[in-house]
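Only one chain is given next, in structure tokens, and it is the form predicted alone.
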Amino acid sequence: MSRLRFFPLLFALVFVPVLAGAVTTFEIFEASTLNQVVKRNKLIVGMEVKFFPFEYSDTRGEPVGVDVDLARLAAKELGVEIEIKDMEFSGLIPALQGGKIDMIISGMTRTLARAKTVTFTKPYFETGLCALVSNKKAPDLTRVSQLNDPRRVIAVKLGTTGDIVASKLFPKARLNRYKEETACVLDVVAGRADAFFYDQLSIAKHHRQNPGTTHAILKPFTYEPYAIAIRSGDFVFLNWLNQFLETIKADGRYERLHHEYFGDLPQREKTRDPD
């Protein structure tokens, strides 16, 4: 291509977007959640405060947990106040899309399906789905693969990855869907369901609380990376949050959080059930 022919092409590539009113980097920053949070002097975080040890209520009814502390650390680094909005897990993404909250940090797994409607940070915690099993209804069940049977009943919390995975991997089983985690556990304890799918830490806790009526399969059969969710395409805020996570992991603050909340709980096993 001659230089004379190249110049008009270069002009079109560089100047036409400007003439057409392309969005500038300044306008992108102005519209970002990061800028809005700083101007408002408040970070509004959505979570369901019923997911130990990530978010739960203390004896005074105040939210505490890993996600709560991470959110407060983010607000501190931003130099703003924080407001935590407690809502049902299934309502978190609609609230984010509707502008009612600035971000979600609620033990939410980063999935391809969810990534079509929100943008996720890098993972801040990795776990996997495990099974709480009923001693009354399924005393001999030792592998999750045994649950893909029309005689089996699986309890799942509505809208969680346990719900999604159960539908895909165990199509022959019947699903009991509940809004509350405790209802799923009670289903297993009472023998109405064979198993309940949830993260490894929660399943270990529920088995310890119900040792006579349940047993646990604590080898994860899925990969569950928890991440912070923000409005789709907000890369200014995404860049800040990813840098925030990298910073607190590098300076030891994340490690101290991990030790405080996970010190006496089992670590995620790397291997999965081959069945």
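Predicted model only: the values in this text are computed from it and were never measured. Counting begins at 1, following the sequence as shown.
The form predicted together with a small molecule exists for this protein as well; it is not shown, and the discussion that follows is about that form.
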| Okay, which stretch from 109-117, 183-191, 137-145, 70-78 lines the small molecule in the model of the complex, with non-hydrogen atoms inside 4.5 Å? | 109-117
| said: Residue-level question: is Tyr226 within 4.5 Å of the small molecule in the model of the complex, judged on heavy atoms? | reply: yes
| said: I'd like to check something about Asp199: if you look in the model of the complex, is any of its heavy atoms closer than or equal to 4.5 Å to a heavy atom of the small molecule? | reply: yes
| Any non-hydrogen atom of Phe237 within 4.5 angstroms of the small molecule in the model of the complex | no
| query | Could you tell me if Phe89 has a non-hydrogen atom within 4.5 Å of the small molecule in the model of the complex? | reply | yes
